[in-house]
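Just the one chain here, laid out as structure tokens, in the form predicted on its own.
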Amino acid sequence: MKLSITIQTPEVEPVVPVALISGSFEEKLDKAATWGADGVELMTVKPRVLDWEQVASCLTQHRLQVAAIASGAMLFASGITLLHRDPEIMALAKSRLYDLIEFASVLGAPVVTIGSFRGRLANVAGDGQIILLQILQEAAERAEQLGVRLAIEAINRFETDFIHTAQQGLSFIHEVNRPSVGLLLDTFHMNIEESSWSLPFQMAARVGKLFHVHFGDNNRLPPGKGMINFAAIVEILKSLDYQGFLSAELLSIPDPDTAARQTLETMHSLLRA
């Protein structure tokens, strides 16, 4: 397993609450590498305005991989979601999804994460799940052409109105029925919605759909700052031969650098145990 920290890209103007590490983009990469990250998860809103070649060069210079291209800032920074009451915003969101896929392909990122970016069923008239299903089926075709996968995140009930658990996520993914669409499990959300630590990971891994993992404690602070037993979760993932990234979208408490450093230190100790 490899370790990653989520950082926002330069064009994202507001500070995203769950993006870590301060400074310029190059300074963020330098800190991530110095503190022991194998990669970074890039939270972007307008990837087309970035110089993709320069981004790739900076990553290579710091010997960092891209763990994922994250869509979480779309809602927070721009109010853009795939399910939205405004058809023009939905169309823009769909276009941005394709941009994320292209960006991931160029940078060699294995997945594009889709959490709050999907929006809420209550935002649209008609069957929102069918609408999202169709959007993802079409996007998945492009993702497959470019060797990218889409990871649907199970999110707690206070942040979205559908796909709260691994089982719900896997049921929806089964309906999408594309090999490039799988699941992202975040321990912060799991702590609220699941009744088992092992079963969600096992269910997803059993069908080859465990695409990405986020580590965050029950209070959305770095692992070890709350009540979750991460050592046990690491053992579960080892038993499943999970080879992907353990990444982190966490609150910047007491500050984004300390939270990132503490996260990587704890995760390294867990993997060495």
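Numbers for residues come from their place in the sequence shown, where the first is 1. No experiment lies behind these values; they were computed from the predicted model shown.
Just so it is clear, the following notes concern the form predicted in complex with ligand LER, a form of the same protein that is not shown.
Novice: Please determine whether each residue of A68, E102 and R149 possesses a non-hydrogen atom within 4.5 angstroms of ligand LER in the model of the complex.
Specialist: No residue of the spot touches ligand LER in the model of the complex.
Novice: Can you tell me if D186 lies within 4.5 angstroms of ligand LER in the model of the complex, counting non-hydrogen atoms only?
Specialist: D186 belongs to the contact set for ligand LER.
Novice: Does S116 reach ligand LER in the model of the complex if we count a contact as any heavy atom within 4.5 Å?
Specialist: The answer is yes: S116 has a heavy atom within 4.5 Å of ligand LER.
Novice: Are any of the heavy atoms in H214 no more than 4.5 Å from a heavy atom of ligand LER in the model of the complex?
Specialist: Flag for H214 set to yes.
Novice: Mark I155 yes when one of its heavy atoms lies within 4.5 Å of a heavy atom of ligand LER in the model of the complex, and no otherwise.
Specialist: Close contact exists here: in the model of the complex, I155 approaches ligand LER to within 4.5 Å, heavy atoms only.
Novice: Quick check on this chain: which one of E138, E159, E175, E144 has a heavy atom within 4.5 Å of ligand LER in the model of the complex?
Specialist: By the 4.5 Å heavy-atom cutoff, the listed residue in contact is E159.
Novice: Heavy atoms, 4.5 Å, ligand LER in the model of the complex: which of 234-242, 214-222, 47-55, 201-209 makes the cut? Say which one.
Specialist: Comparing against ligand LER in the model of the complex, the contact stretch is 214-222.
Novice: Taking heavy atoms and a 4.5 Å limit, what residues of 49-73 are near ligand LER in the model of the complex?
Specialist: Heavy-atom contacts to ligand LER in the model of the complex: only G72.
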